[in-house]
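What follows is a single chain, given as structure tokens, in the form predicted on its own.
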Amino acid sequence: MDLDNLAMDLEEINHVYKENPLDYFKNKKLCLFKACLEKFFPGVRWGIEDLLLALELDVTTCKSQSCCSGTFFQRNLITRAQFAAINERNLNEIDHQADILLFPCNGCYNSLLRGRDILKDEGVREKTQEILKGLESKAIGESYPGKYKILNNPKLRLIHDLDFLFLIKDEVVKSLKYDLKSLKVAVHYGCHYLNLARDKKNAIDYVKNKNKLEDLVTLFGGLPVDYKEKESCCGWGASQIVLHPKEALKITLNKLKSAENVGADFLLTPCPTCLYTLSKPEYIEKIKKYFGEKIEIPTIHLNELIAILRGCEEERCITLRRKTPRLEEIYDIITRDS
């Protein structure tokens, strides 16, 4: 049974398709994983989908998938086998739909790789298979051989949206209608991206500097700014935001104030969970209540930013909902006549 890492080999693509990495994705079926917190930020999915369609790639939104269940697992609400079974079912369904699975969320990307990794434990693998077999009696939807078995020799490969967008960055830049007009941008990668080792081949890949967001900001005409809390957590911390909200939101406050203190115009992240924590109005109000601090800095997901820079919001992607305090200021500055 092949339980190898399903993460896409980015170095191999860069080597074989060094003239244009986009060529690797042509004639392949792409599927967009639905992150739960996307419902608060519809531009996260529509933004990248519009780009992929413009690049004439074969892309759909994943069908018959469930939540990655990462939050439940991190809060000790489900077992390792239950967690692995949920994500094995997701992988099995999507393996029948696509060749490449794209993730807009650090947690979802980590969860599907982690579920596969957990199966290397023989005891967990046996319990996972029992759970999947138990689903067979409740089968609904399309049936196919092996639907309720651990996926063997999958063709599917997984990639985070940030890694994908950086891989094809030259094509992304060509598609832009606007630039960042030298805006100062603070970046936030998020814990599950900075600390993820499951998609790395060796220790050097794990510890080397992460600079993809900064490089994209520069390519888009912005100025990346360094700040003290750049690599700190957004404050979500799985169960911490529930069990210890004041302590968790102090971390959120430190992050946002640190970016404000260096004059950043907005904060950019590749994760909707981090975006939710950094921008949720109720959290901002609680921060003001707990600490007497008012947060001013806007926050935005990478996919939303690219949609605005491409002029997608004004022409097609009305679901970006720019008429919100979070996006309106960024949108107006970027699209303002020079």
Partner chain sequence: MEEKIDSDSDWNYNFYQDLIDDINENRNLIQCISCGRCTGDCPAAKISNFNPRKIVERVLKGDKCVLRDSDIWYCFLCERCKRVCPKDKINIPLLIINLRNESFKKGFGPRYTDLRKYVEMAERFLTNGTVLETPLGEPLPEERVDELNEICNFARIKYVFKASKIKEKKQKK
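Positions refer to the first chain, counted from 1. No experiment lies behind these values; they were computed from the predicted model shown.
Omitted here: the form predicted together with the partner chain. The next part is about that form.
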Taking heavy atoms and a 4.5 Å cut-off, does residue 244 contact the partner chain in the predicted bound form? yes
Even though the partner isn't displayed, in the predicted bound form is residue 305 close enough to the partner chain, meaning a heavy atom within 4.5 Å? no
Taking 4.5 angstroms as the cut-off for heavy atoms, does residue 286 touch the partner chain in the predicted bound form? no
Within a 4.5 Å heavy atom cut-off, is residue 74 in contact with the partner chain in the predicted bound form? yes
Which residue, 78, 225, 156, 150, has a heavy atom that falls within 4.5 Å of the partner chain in the predicted bound form? 78
Considering the partner chain in the predicted bound form, which of 97, 258, 240, 175 comes within 4.5 Å of it through any heavy atom? 240
Using heavy atoms only and a 4.5 Å cut-off, decide whether all three of 38, 131 and 233 touch the partner chain in the predicted bound form. yes
Just one of 156-164, 186-194, 264-272, 211-219 has residues with a heavy atom within 4.5 Å of the partner chain in the predicted bound form, so point it out. 186-194
Residues in 40-68 that come within 4.5 Å of the partner chain in the predicted bound form by at least one heavy atom, in order, are 45, 63, 64, 65, 66, 67
